[in-house]
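Just so you know, structure 1 and structure 2 below are the same protein chain in two forms, each on its own as structure tokens.
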Structure 1
């Protein structure tokens, strides 16, 4: 099956390490789950599932320390003041008072990032199996800048810009660097199995993270 190639870039990114999510610290490069989220923001159908093959790192890895204002809670789903009750015609307003739960937190984020995502899709059922249709729709939407919601680089406030790659993928400026073990990294989350996280151990080699290597494990 033919795959897709998408260039994404942005001013900041934070692919949060789960073991450091209070004071956020980013992985060195984009995770496969973050790449999948970007593709799904552009084109998604129940009949397909995106699989990330390779992530090309097109700019040097640079970290920056920032401070951000966050809230310590979210609007509840259940209960009289929750979202579910409001959607069923409840009269209580759905609200969150930022002044009561604002917190300032430090974060170590990536700055000035650019990646090329190589991916393909697999079918989740016997319906709607048309390779050309799905590929054409994805490439057409990516070329026009269309998306279901704004893609982001790890955190929603770090917007991702995107465009399809036509022709050969440029050589990464990190291609001549020594291969680097990136340690254990989040691969993806299985939402059908009670949100079980899967990890793998990738290597940044020739400026490329090959997501097909590294042994995915729960």
Structure 2
């Protein structure tokens, strides 16, 4: 038994759909990859890998629109204006002037979200196999509110609060709704295989997204 249950919540969330990421549009619910990121923010080691089993959606799905000024470019590494040139003693300013590379981007984000993440871990190698140790460390940290870094709901400006679920997971208020096809969603990204995205097609049934049904590679 290597499973954990964690309640996470926050005022905003944006689990960006990859097909609509210029002007961000969030998925209806948290993706397994975002849930994994939250667990890793609390406890992770190279010896283990978090696998998300189910995501309970505890609040109705609601959207809100926010437009912000953002920059349109990234820090160049090479080239005359890049960091490497500056490190060698260049005299060009290594700066982004926000007025010159400004773009306004809208984001369709989720409001007032709450989830219960059910997950377990698997081992990545023969080393450090000790169920009790990893579980205890995770649960201890979750209970004390400790984290490696502050977990977030899709984007770092949407911070996540968390606490362990004691006892049975409460029934989602969405449990009475009819099952809903959520369409193709990002499952996770395979970093070992050149950042290949994996997708799956879940349904929101009884207020629960079951992530255990197999995904496909794009």
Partner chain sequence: MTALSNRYEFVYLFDVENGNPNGDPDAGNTPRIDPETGHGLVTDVCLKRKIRNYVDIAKSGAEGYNIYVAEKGVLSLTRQPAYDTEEVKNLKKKEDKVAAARQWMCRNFFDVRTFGAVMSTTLNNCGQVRGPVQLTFAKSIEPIIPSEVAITRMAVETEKEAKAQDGDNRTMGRKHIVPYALYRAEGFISAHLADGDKGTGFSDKDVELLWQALANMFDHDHSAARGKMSARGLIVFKHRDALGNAPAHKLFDAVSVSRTGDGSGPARAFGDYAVAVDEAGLPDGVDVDVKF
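All values derive from a computational prediction rather than experimental measurement. C-alpha atoms forming the largest set that superposes within 1.5 Å between two forms make up the rigid core. Positions refer to the first chain, counted from 1.
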Identity of the form predicted in complex with the partner chain, given as 1 or 2: 2
Core-superposed C-alpha of residue 78 shifting 2 Å or more between the two structures: yes
After fitting the core, residue 104 CA displacement of 2 Å or more between the two structures: yes
Rigid-part reorientation between the two structures, C-alpha based, degrees: 24
